[in-house]
Ligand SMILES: O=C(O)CCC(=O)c1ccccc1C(=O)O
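Take a look at this single chain in structure tokens; it is the form predicted on its own.
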Amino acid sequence: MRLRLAYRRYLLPFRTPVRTAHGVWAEREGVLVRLTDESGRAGHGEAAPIPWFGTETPDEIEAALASFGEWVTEEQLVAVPARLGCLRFAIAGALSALRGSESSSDAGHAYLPVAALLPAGRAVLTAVAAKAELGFRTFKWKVGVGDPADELAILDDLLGQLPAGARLRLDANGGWDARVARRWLERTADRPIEYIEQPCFAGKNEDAGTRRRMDDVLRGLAEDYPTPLALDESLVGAQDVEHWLAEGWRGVFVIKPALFGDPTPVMARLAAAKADVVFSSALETAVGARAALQLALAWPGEKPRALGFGVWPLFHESVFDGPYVAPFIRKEDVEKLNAEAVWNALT
């Protein structure tokens, strides 16, 4: 069966720039894919790369799509190289939607809790009360952005503002060295810290020896301190998941489905290993968010930890946003996300 292929590249400013250890992230760049069969039925997918994680770039995605021409077969699409993982995710999502095989059954979870994303720096102290009043009980704070001593002082004040029973995630985005990471882990022991996400990181542009040494640092930190650690930047594709499963990683796997190509085999592998998984946003539009959230809602067994999707409203134009931020995301809200409306908004 032939399929008509169309794509639209986007560059969307965030309502508020996102500050992380990687710097200030002011806009989101990616590509939407639309596949239409000969009867006129359409399916959409999204490629939302994060090049500093080690994904492909938007230019590489656009070049690959341009090479296909207007008409393609499914066999051509599924043969996209594994190195173009974000494009493979977009194609898998579009084909799934086209077949009508998106997760819409009664299986899985009807709803899942959400972690509230808090701003970096001292602004967190004014933001947490409003989130708590909405009913959030899991919070995520971006650290590794400012001076460690200043952030540790803010941490003390922040923990004093958390409601009873609340838990805090600290996301360093790989911005610490081992010395700073140990300093934080000493401070967070016996405190209501759910986990510290990616304290240290060696990027894909580093040599193999440096990456191995950083893996050793992460394993050592996980063994030496009681506060759990989570991998995020260390997980960009199926090969990374296999690596850390083989290493016997006992911490959390933060999974951004948008980075994992066809994510179905990865999800099956993690489920079989009974891995401790957190599903997380890649700050994609509603198209990619719908596909990612459907995977989270279909996760087998007990409910996973609170979703890392407490990011909306994210864009200046609300049509591009996923479900409105609330302490829970419901399956029915995910299924209402309108991919065609997002596509049309890019014209």
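The numbering used is simple: start at 1 and walk along the sequence shown. Being a predicted model, the structure only gives us computed values, none of them experimental.
A second form of this protein, the form predicted together with the named molecule, is not displayed here; the remarks below concern that form.
- In the predicted complex, no residue of the candidate spot (E56, C86 and S234) has a heavy atom lying within 4.5 Å of the named molecule.
- At a distance threshold of 4.5 angstroms between non-hydrogen atoms, K131 is out of contact with the named molecule in the predicted complex.
- Using a 4.5 Å cutoff between non-hydrogen atoms, S280 counts as a contact of the named molecule in the predicted complex.
- Put simply, W52 is close to the named molecule in the predicted complex: some heavy atom of it is within 4.5 Å.
- A residue is said to contact a partner when one of its heavy atoms sits within 4.5 Å of a partner heavy atom; G30 fails this definition for the named molecule in the predicted complex, lying far away.
- Scanning L35, L297, V311, I61 against the named molecule in the predicted complex with a 4.5 Å heavy atom cut-off leaves one residue, V311.
- Comparing 158 to 166, 135 to 143, 69 to 77, 238 to 246 against the named molecule in the predicted complex, the single stretch with non-hydrogen atoms within 4.5 angstroms of it is 135 to 143.
- Heavy atoms closer than or equal to 4.5 Å to the named molecule in the predicted complex belong, across 21 to 46, to one residue only: W25.
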